[in-house]
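Here you get one chain, nothing else, as C-alpha cells; it is the form predicted alone.
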C-alpha cells in the first residue's frame, strides 16, 4: 500500500476537485437530539463546509447508497403481442467521503455475499464499482465494540483512507483511481516523524476501546441454543425491525410483483426486510417457521455471529452499535453476548 501526506488545505482542494463532476456523499449534521448531541447522516453535499469529518457516528450507515431501502429491479410494458423490458443499473460516478473503518468493513462483508458469491447482484456491483470511497480514522463511538469483532482496522475496500495528524492527513492509497485522484493536489512522501505520529494516533485510538468478550462465541452460541437468555431479551422485543434497518450489514429483502389493472405494465420491486418481522418466515399455506419473538431474535444473532462465521470465517456484525442505539427496548449485542458468556458462572 502507498502512503502520502496531505495538508488540510490540499484536502479541501481535493474535495473541490471531486465536487466538480461527481456526486459527493459525506457526513452532515442534520439536527441535535434531546440531550443536545449532534445527529449526523450521510447525505449529498455541495461544498466542503457541509462536511463534518469529526462526527462520532451516523444513525444510518452508508449501506443505503449500495442497498437502497426500495428499488425497481425491472419493469415491463405490454402492447398487444409486443412487450418491452427495462433494467437499469447505476453507472454515474459517486464518492462517499468520511466512512469509518467499521462501515468499510461492513461493505467488504456485503461484497462477499452480493458481489463474490454464486449469485452476485449486478445492482449492488454497479453501485460498488462506481463509488469512490474515502475513509477516515476516528476515536471509538459510544457503545461501539468494533475492535472486539476485528472491524476497527481496514486494509482494503477503499480508495483512500485518512488518519488525522493535526495539521495534515496521513493518506493510505489502495487503488489506481485513488492514486490518480491524488495527482490533482499537492502531496508529499511521509517522513519518519509522519510515520511515528501516525502510529501514535493508532495506538491512542486502540487504547480507548472497551473490550467485549467474544472468544469462542460461535461454539458458545451452539451450546446456548436453548438458553433462557433468548427469552429474557425477546420478551422486550417489539419486532419493529429497526435494528435491521440501521444495520450496515443486514441484507435480507423481499421482492414484490406489481401489475396494472389493464395488464399493460408491470414492475418487480425489491425492498429491504427484517428477520424480526412476524411474517418473515411465513411460507405458502400460512405456515410460519419462526412465529415467536424468541426464535426470531435468536436467529438474527445466530446469523450475525454463528452462521456467517461458518460461511465466511468472520462475523457479520462490525460492532457499530447502531442497533443498540435505535432499539426502543434497549436490546443490544454487548448485553446479550455478556449474558450468554456468564449464564453458568457463579
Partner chain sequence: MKYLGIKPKRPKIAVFDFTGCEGCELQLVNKEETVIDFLGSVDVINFREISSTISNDFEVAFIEGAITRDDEINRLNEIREQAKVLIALGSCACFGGVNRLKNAYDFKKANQEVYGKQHKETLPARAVKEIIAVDLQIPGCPVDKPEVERIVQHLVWDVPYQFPAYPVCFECKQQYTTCVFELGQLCLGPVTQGGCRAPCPVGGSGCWGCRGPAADPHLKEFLQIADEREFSRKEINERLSFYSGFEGML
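Positions refer to the first chain, counted from 1. Since this is a predicted model, take the numbers as computed values, not measurements.
One more form of this protein, predicted in complex with the partner chain, exists but is not displayed; see below.
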Would you mind picking the one in 104, 97, 272, 171 that has a heavy atom within 4.5 Å of the partner chain in the predicted complex? 272
Just to confirm, with a 4.5 Å cut-off on non-hydrogen atoms, which of 108, 245, 165, 221 contacts the partner chain in the predicted complex? 245
The chain here is shown without the partner chain. Which stretch in 153-161, 203-211, 258-266, 137-145 comes within 4.5 angstroms of it in the predicted complex, by heavy atom distance? 258-266
Site check 13, 48 and 192: each within 4.5 Å of the partner chain in the predicted complex by heavy atom: no
Please check if residue 199 has a heavy atom lying within 4.5 Å of any heavy atom of the partner chain in the predicted complex. no
Report whether the minimum heavy atom distance between residue 235 and the partner chain in the predicted complex is within 4.5 Å. yes
Contact label in the predicted complex: residue 115 to the partner chain, heavy atom within 4.5 Å: no
Heavy atom of residue 240 within 4.5 Å of the partner chain in the predicted complex: yes
Residues of 306-339 having any heavy atom within 4.5 Å of the partner chain in the predicted complex, listed in sequence order: 326, 328, 329
